[in-house]
Every structure is written in C-alpha cells, then in structure tokens.
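Okay, so we've got a single protein chain in two different forms coming up as structure tokens, structure 1 first and structure 2 after it.
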Structure 1
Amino acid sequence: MYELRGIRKVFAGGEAALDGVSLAVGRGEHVAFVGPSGAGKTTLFRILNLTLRPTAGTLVLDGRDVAGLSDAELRRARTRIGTIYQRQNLVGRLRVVHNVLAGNLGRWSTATALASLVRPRGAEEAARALEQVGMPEKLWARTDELSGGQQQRVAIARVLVQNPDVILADEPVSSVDPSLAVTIVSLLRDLSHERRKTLLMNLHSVELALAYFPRIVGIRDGRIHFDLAPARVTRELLAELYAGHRDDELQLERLQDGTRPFGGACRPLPGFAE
C-alpha cells in the first residue's frame, strides 16, 4: 500500500519535523503510531494523505511514486485516503449533515456538490454514519455548536461516508471520554477489518495502541524509534520513547502498575498475526 523511503520534512525556517522515515505498510494492515508530542506523527499523516509534499525522500502509493502524479491523479488518490484530523478541521458554519457528506466530494461533480448544499443529497447515509458514532440526533445541528468530542465524531462520520481504502486517524479519540474512546477505536478497527481497509492511527494512549493494534510504530524526534508487535514493545522501549516528556511518563507509570484496562481486547486479529 504505502512505501516510504527516507522521508524528510522541514517546515519553513524550522528544524526537521521528519528526518529519514522509511516504512512499508501492506494492504489491510493495522498500524498504531505512538510517540511524544511534537514527534512528527501529524506531519507524517499529512504527508501520507498527500496534503504535504516531503522535502526529500520518496512516497510510493500502490506502486506509484506520488511525486509523479498529475493534479487529477492526485485528487483520485486522495479520494481513496480518508483522514480523521486531530483538530477536527470541520467547517463550523455548515450543518453537520454537510460536513459529513463532504466525504463524497471526491466522487461528486461540481454541480452535485453545489446542489447538495441546498438540498442534502443522501442525508440518510450521513444519518447512518452518525448513528455508528453514536449521535444520530445531531444531523441538522450547526457544527460549531457541538462539543469537541462530538465534532470529532462528525469527522469520523465523514470518513465513514467517504469509504476510503486507507483510514488515517490522527488521535481520533483525544477529546472523548475513555469509554467512548474504546468504542470508537474498536469501531474503526472492526470496520477496517471487515472491509479490508488499511488503518493507520496516531494514539496518545499507549494502552489503547497496545490493546488494539498488531503493529506499533514508535516515533520520536522525526525518526522511527521502533516498529514492533505489541508483545515485543517493552517498558524500556516506551520509557526511552517518552523520555523527557513528563505527562507521558506518568501514563507509563500507570501502565507499569499492571492495570491493563483493555487487556481483554488485546487479541491479534485473524490474518494479521505478526
């Protein structure tokens, strides 16, 4: 699916946010990315969804170097990649239904897109997606009136409507309560599994990552620190990964206490054993 070789990204006037990332992700694979704040996880996802162009390195998507894609090909490729952003990145003044249906934009003609703003096309589809994330009643609400967690779920509903081959979820549960977080992560996992979608997820919660993903990639300072099955991710590795980041170290302490709240869910999915 994805093949990254020596990806480097330097923002204008800054240090390298990504510094030589090489990685291969197969079709249908589920990968969790963990790492301290500022490690470059979001930047990596923006490169993977073809929004940012790497400063150096090659990104191969389904056997094609994306640097060589034309405008139209680039758009078609994006249609197949769904992104759930860390900040929800929704249009606040539009109703929820339009924000959800925007997942269709890659398929819609310009005329259809315009018409749908007047009379939503496929509102049932949007309602079904919202029901899957547990808030069907918000279909007609104005998006900026929703709470942070609700907006996050709207963003997830949009990706459900988009129905892409790859789902990139950048901390999709950062602003929902813990029990809903479990629901949403397992929803995304099960859905991706059923429909053979590739699922890449950034997670601040190491517990969730270890519990739900058969492959964990640790990122620190723009580099891949480890790339292992959850069973092989040791406390020492995690301690190194988060060294110097106090909040995250606290989280690890809780982990080491031996309370693994989602331990029961930690079963490798069939077909994805390492």
Structure 2
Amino acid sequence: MYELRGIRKVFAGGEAALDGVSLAVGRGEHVAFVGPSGAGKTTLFRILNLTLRPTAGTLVLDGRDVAGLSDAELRRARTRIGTIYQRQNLVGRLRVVHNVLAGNLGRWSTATALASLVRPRGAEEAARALEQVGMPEKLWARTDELSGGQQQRVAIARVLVQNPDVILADEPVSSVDPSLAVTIVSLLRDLSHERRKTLLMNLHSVELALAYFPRIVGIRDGRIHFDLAPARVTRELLAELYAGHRDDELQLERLQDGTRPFGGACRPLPGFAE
C-alpha cells in the first residue's frame, strides 16, 4: 500500500522533522508507531495522508508515485485515506449524524454537502456506522454534549462512512481515560481487520502498541530506530528510543516492573523478555 524511500522533511528554519525514512507497508497490514514527543511521527502521518509534501525522497501509494499525480488524482487519492486525530476535528454544534456523514465530503459536491446540513443525506448509513462503534442511540445528539470518548467514536464512525483503503490514527487515545483507550484501540483494530483495511497508528502507550499490533516501528529524531515484531522489541531498544524523555522512561519502568500504566498489576510483556 505504501512505499517510502529516503523521505526527508525540512520545515522553515532548516530543522529536519524526518530524515531518510524508508518503509514499506503491505495492503491490510496493521502497524503501530512509537517514539518520544517530537520524534516526527505526526509529520510522517501528514505525509502519508497526502496533506504534506516531503522535501526529498519518494512516496509511492498503491504502486503510484505521489509526486506524479495531477491535482485531481491527488484529491481522489486522499479519499482513499481516512485519518483519525488526537483532537477529533468535529463540529460541536452539529448533530452527530452530520459529523458522521462528513465522511462523504470527499465524494459529495458542495451543493450536496450543504443540502445534507438541512436534511441529512444517508442518515441510515450514519446509523449503521454508529452501531458498529457501539453508540447508535446518539445519532441525533448534539456532538458537543458527548464525552471525549464518545466523540472519538464519532470520529471513527466518520471514517467508516468514508470507507477508505487506509486508516491513519494519530494518537487517537491520548485524550481519553486509560480503560477507554484499550476499548478504542481494540475497536479500530477489529474494524480494520473485518473490513480488510490497512491500519497505521501512532501511540504514546508502548503497552498498547505491543499488545495490539503485530509490527512496531520506533521513531526517534526523524529516523526509524527499529521495525520489529513485538516479541523482538526489547527493553534495551525502548530505553534507547526514549532516552532523555523522563515521562516515557517512567512508563517503561512500570512495564519492566510488571505494573500497567493503566493501573493494576500485570505480568511483564513478551517484548520485555531477557
């Protein structure tokens, strides 16, 4: 689905957010990205969802070099990629049905989108998506009256309506409580598996990444630090990845001691075997 060769991104001021990133992701594959704040994970996701152009390197989406796409082809390519953000990018004053149906905006004309604000077009489709995320009763609720976790589920339902080939989730659980984080990550994984979607997720929680994904990519200072199966991600690799980032080092200490960051005790994870 993706092939990246030597991707580099330099912002104003000359600092490289990404430097020589090469990566291949197969169709239907599930991959978690971990690393300290400022490592370049969000920049990478903005390049993957085609909203940011790399300064150098090659990005291939489903066999086509993105640099060679026309404006119309680029717009069509973007409709194949659904992004779920840390902040859900919902319109709070609108009903849930309108926010969910926003997944159709890449296909609708401006006139159709405006008409749907008056009389929702495809409310049944929105209801089915909400059923899949476990909150069908909220179809006509005002979005700003929902909890943070419920709003994140609305964002997931919006992506289901979009029906993309790729789902990019950029820190989708950093603003919800720990128990709900597990629910949302497993929901995204299960829905992606059922619909055979490629799922890429940025996660602050190493534990969630190791527990729910078959492939872990560690990023530090704009470079890939490792790209491994969970069982091969050792505490030494993670210590190198997060060195100098105290909050993340504390998370790793809790994992090593067998204490879940989400509360309660647990056995050490397989990735922390000696």
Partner chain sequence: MARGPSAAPVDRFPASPSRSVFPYVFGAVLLASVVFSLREAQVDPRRFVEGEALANVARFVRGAFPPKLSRDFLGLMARPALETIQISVMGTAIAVLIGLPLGLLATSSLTWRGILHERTSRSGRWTLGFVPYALSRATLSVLRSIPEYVWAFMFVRAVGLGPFPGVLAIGVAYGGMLGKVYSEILETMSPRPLETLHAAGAGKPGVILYGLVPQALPNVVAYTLYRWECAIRASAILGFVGAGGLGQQIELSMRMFQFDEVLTLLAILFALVAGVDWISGRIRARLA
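Numbers follow structure 1, counted from its first residue as 1. Just so you know, these numbers come straight off a predicted model, no measurement behind them. Between two forms, the rigid core is the largest collection of C-alphas that superpose within 1.5 Å.
Peer 1: I need to confirm something. Of structure 1 and structure 2, which is the form predicted in complex with its partner chain?
Peer 2: Number 1 is right.
Peer 1: Splitting the chain into two rigid parts between structures 1 and 2, is Ser174 with Tyr242?
Peer 2: The answer is yes; they move as one rigid part.
Peer 1: Quick one: report the rotation angle of the small rigid part relative to the large one between structures 1 and 2, in degrees.
Peer 2: The smaller domain rotates by 15 degrees relative to the larger one between structures 1 and 2.
Peer 1: Once both forms share the same rigid core frame, by what distance in Å has the CA of Pro120 shifted between structures 1 and 2?
Peer 2: Spelling it out: core superposed, C-alpha of Pro120 shifted, distance 2.4 Å.
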